[in-house]
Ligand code: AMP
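Only one chain is given next, in structure tokens, and it is the form predicted on its own.
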């Protein structure tokens, strides 16, 4: 049972289908991307714990795979106690759906390097938090996805606006934010980390990415970086994922500074920046790795096959009818590129509707430009 049925879930379902699995896709609206390739689907509010219990009881799944944040994850402990495998584990899913739980675990229990941070449940607490961590700083909802509700405070005049924006972008019913001191980083990476039932933890080549509005716009693999900083990030990722337990792919995000790696965030599932692996940059995509880990199929090694880049295709307006794509023919003839249309049934401004991919032996900067040029050829109406 897949809880959350977006574009990442869709690719995961395809990977599972190729391994003979029967999938029930769940989301809050009908026609979600993963539903289109699953055997069955359910439409429920996953923040309604009773509704979640009903569909679990109805379908009796062997495995539950959460793909989004807005879920009553505390129910996972009961499911796990009944013998259902929760991916990566009930503890991991419960902790990582909430920035407070995962940040405290990383900084206080595991002891990895993070930005200075505070929490706030009111505007006054946020003002106090900003004073403690200093300006500039970043404000995020404790529960959100794709950068929603995230903003940078550059002066005291930004605090109230950031508070309201964070609450608007919060998923679920959790009205609390985290304010982080600004880290003077050189670049960001996603380190896809594979934990396995046989105990061996593997790492994908690091992925670089660029964000706007808190959401990724382009990603590339591999990210060229200092070997010592990469090894430090690997150790941090291994320590945090070990503390959470379970098997699967983890999207572990780091800020890389002149001093080394700073732990930023962690997702216990395929990561949006990891869509670059759909360009066959590795021997297994992140979705194939997740499926194998979930099913207990060992992966001996992850190796880079070729360089790659991805660029998102965004909607520009709101439309409740099925979107129409144009420019596909032009995009299709660009050598060593590809694209994936997600099949989302409606659009809204900045909604991610497709991804363009470029691959080869060229420098990743060239591949990023190539992916962006393909994305620019595709229009969504």
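These numbers were taken from a predicted model, which means no experiment stands behind them. Numbering follows the first chain given and starts at 1.
This next part talks about the form predicted in complex with this ligand, which is not shown.
(request) Using heavy atoms and a 4.5 Å cut-off, decide whether 99, 182 and 255 all contact this ligand in the predicted complex. (result) Checking in the predicted complex: 99, 182 and 255 are all within 4.5 Å of this ligand.
(message) Among the candidate stretches 70 to 78, 134 to 142, 299 to 307, 230 to 238, which one is within 4.5 Å of this ligand in the predicted complex when only heavy atoms are counted?
(response) It is 134 to 142 that comes within 4.5 Å of the partner.
(message) If the cut-off is 4.5 angstroms on heavy atoms, which of these, 89, 150, 170, 127, is the one near this ligand in the predicted complex?
(response) When this ligand is considered in the predicted complex, the option within 4.5 Å is 150.
(message) Using a 4.5 Å heavy atom cut-off, which residue among 176, 188, 158, 104 comes into contact with this ligand in the predicted complex?
(response) Contact with this ligand in the predicted complex is made by 188 alone.
(message) Would you classify residue 211 as touching this ligand in the predicted complex, given a 4.5 Å non-hydrogen atom cut-off?
(response) Flag for residue 211 set to yes.
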